[in-house]
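Same chain, two forms, each on its own as structure tokens: structure 1, then structure 2.
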Structure 1
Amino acid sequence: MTRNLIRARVAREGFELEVDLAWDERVLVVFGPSGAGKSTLFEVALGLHPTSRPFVRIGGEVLDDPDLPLETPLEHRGLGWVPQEGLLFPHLPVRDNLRFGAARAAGTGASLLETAIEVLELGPLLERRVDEISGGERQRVAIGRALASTPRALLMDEPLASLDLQLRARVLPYLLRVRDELDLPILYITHDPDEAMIVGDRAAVIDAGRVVAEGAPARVLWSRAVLPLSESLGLENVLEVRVLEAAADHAIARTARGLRLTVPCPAPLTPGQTLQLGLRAQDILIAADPPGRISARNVLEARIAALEPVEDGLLVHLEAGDPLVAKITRSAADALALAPGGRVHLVIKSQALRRLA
């Protein structure tokens, strides 16, 4: 028996969600394009679709079972919900927003309120009004509020989607701290493959109301079932690098497997710091011969592992120390006579390396 299980069939006008998801991993990322049914799945977990008689077990606890029958109302589910737009209570200062759900844990002596304030660094915000703090801070408070209610699990509904790229990179490290420092199951919904790769222990890809792939994020996000979605999802390579040297406008960094990259750094970096980098498949140029003098800062040698035709081009799976995926046109592949096993040079502008965290 898995610790977590969501089995539901929800029919609405012109849309049907049918899922049977079972998992033991701590962080399940549900990933898919908008309109795929992610939000409906989330509502099922929150118990907002009782008429569809779902079965829901989260963190080993059965919340809904149509055969008993059991339907746990929202206030007794013990789920820490982090909504997309934060949805902080506008009439309460940050402190009272955080305390709002803490009463649930009162008396058990196990409140996570203090932990939440510490991990999310909310101390300086406590006395502020929620319309005085930034979008990124609001999202941190929303995560803190959910934690302070001492939930059995966290349910995060695109918690970074309302933030721009820069803010996302600022909030993501806090989210990872919550994941790593607290032993809480997390159901995490996102349409962003970077996030799915970084956050998830397991990923489920959902499209048109069905789960089309499930498993380890790195494997699932490149699986054949996901390819039709790749356009809408903007699938990317994700690399974890450690900064070796930092200069004024760029830094030299290296992956654990030895891939060296020049990355842009709009904000100062310090040697030893680790970064998560995202790289779109179409931002990798493939050269059959070593390029001469060129403005792009990254030229890597690689071996072609496999070629995979997709609807609008060709995915080139590459081995460059780390596995990378490039996307090119078929005519380009023909012109270069690319074949598995062949050696090529990869050209990557440092600006194409997007810092995720």
Structure 2
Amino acid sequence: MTRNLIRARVAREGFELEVDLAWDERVLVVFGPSGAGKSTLFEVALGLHPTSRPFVRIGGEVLDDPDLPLETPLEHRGLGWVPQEGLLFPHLPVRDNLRFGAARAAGTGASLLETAIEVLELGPLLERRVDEISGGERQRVAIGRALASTPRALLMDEPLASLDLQLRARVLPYLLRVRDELDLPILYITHDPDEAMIVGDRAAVIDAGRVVAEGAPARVLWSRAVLPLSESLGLENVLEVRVLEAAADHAIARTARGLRLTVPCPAPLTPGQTLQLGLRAQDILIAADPPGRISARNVLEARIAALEPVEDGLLVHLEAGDPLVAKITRSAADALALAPGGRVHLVIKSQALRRLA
């Protein structure tokens, strides 16, 4: 039996959501454009569409079953909800906002409250009013408040969408700590493909109220069926690297599978630091022969795993220690005589590597 299942049909004027989602992975990312039905799916999980007679099982607990019938009220569902804007009490200090979450746990939230403060590094903020802290800090408090209620699962509705890129990069590591250090199922909505690949163990792509693809995030988002949508929303290769050496303007970093990269560092980096990097498929150049003297700092050997024609070019799936996807024109591929199994050289400017977190 899968631990998590949402089966529902919600119809309203001009829109219909019909989903049948089952998963056992720790984090399910629900990915899709605005208006696709992602938030309606969350509303079903929260019990806000009882007339649709959904079946909802989260964390192994059945919350709704039309055959029993069972409709668990919102306040008894044990779900920690993190909305886009946080919805904190701005006139109260952080400590009181967190205590509000703990109060919802009916006396069982104290220990997880302390864990949330530690994992999210909220200690220095506890006595400050919410309206005196930054947007990124407010989102950390919103996550902490949800955790303080000792939920059976977390529901995160685009928690980084209201933040600019710099603040997203600051908050994302805390989300990863919550994912890795707390044993909680997470249902995570996003329209950002980078977030989907960094945070998710599994992805479900929703478009026009229907699930159009499911599976491992990188495989699903690069699939031909989803590619036009994910590219329009900023799809990139995502790499996790650890800094080996740091200089004034660059650092040498390596992935867990041994891929070494030179990355720019506009801000100081330290050896041992972990980074999440984004690299557009269009920013990977492919050479049939070893390049000569060149300004690009990254020249990598790779094997072609597959060639996949798409509407506006060709995806080249590569093994370079880590899997990468390059996008080139079909005429370029013909000129280079590219074929599966062939060996090539990849040229990547260090400035093409964008720090995500």
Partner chain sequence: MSGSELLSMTGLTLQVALIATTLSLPFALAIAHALARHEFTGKPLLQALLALPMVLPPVAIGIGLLLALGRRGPLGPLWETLGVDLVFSWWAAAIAAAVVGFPLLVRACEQAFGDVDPRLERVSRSLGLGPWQTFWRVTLPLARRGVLYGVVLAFSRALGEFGATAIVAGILPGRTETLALGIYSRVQLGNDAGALALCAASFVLALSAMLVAETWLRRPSRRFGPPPP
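Structure 1's sequence is the ruler for residue numbers, which start at 1. Take the two forms, find the largest set of C-alpha atoms that superpose within 1.5 Å, and that set is the rigid core. Since we're looking at a predicted model, the values are computed, not measured.
Of the two forms shown, the form predicted on its own is structure 2. Annotation: Cα of Ala196 displaced by less than 2 Å between structure 1 and structure 2, core superposition.
After superposing the rigid core, the C-alpha of Ile284 moves by 2 Å or more between structure 1 and structure 2. Once both forms are fitted on their core, the CA shift for Ala11 between structure 1 and structure 2 remains under 2 Å. In this core superposition, Arg297 moves its Cα by 5.0 Å between structure 1 and structure 2.
Comparison between structure 1 and structure 2 places the CA of Leu324 3.0 angstrom away from its other position, after core fitting.
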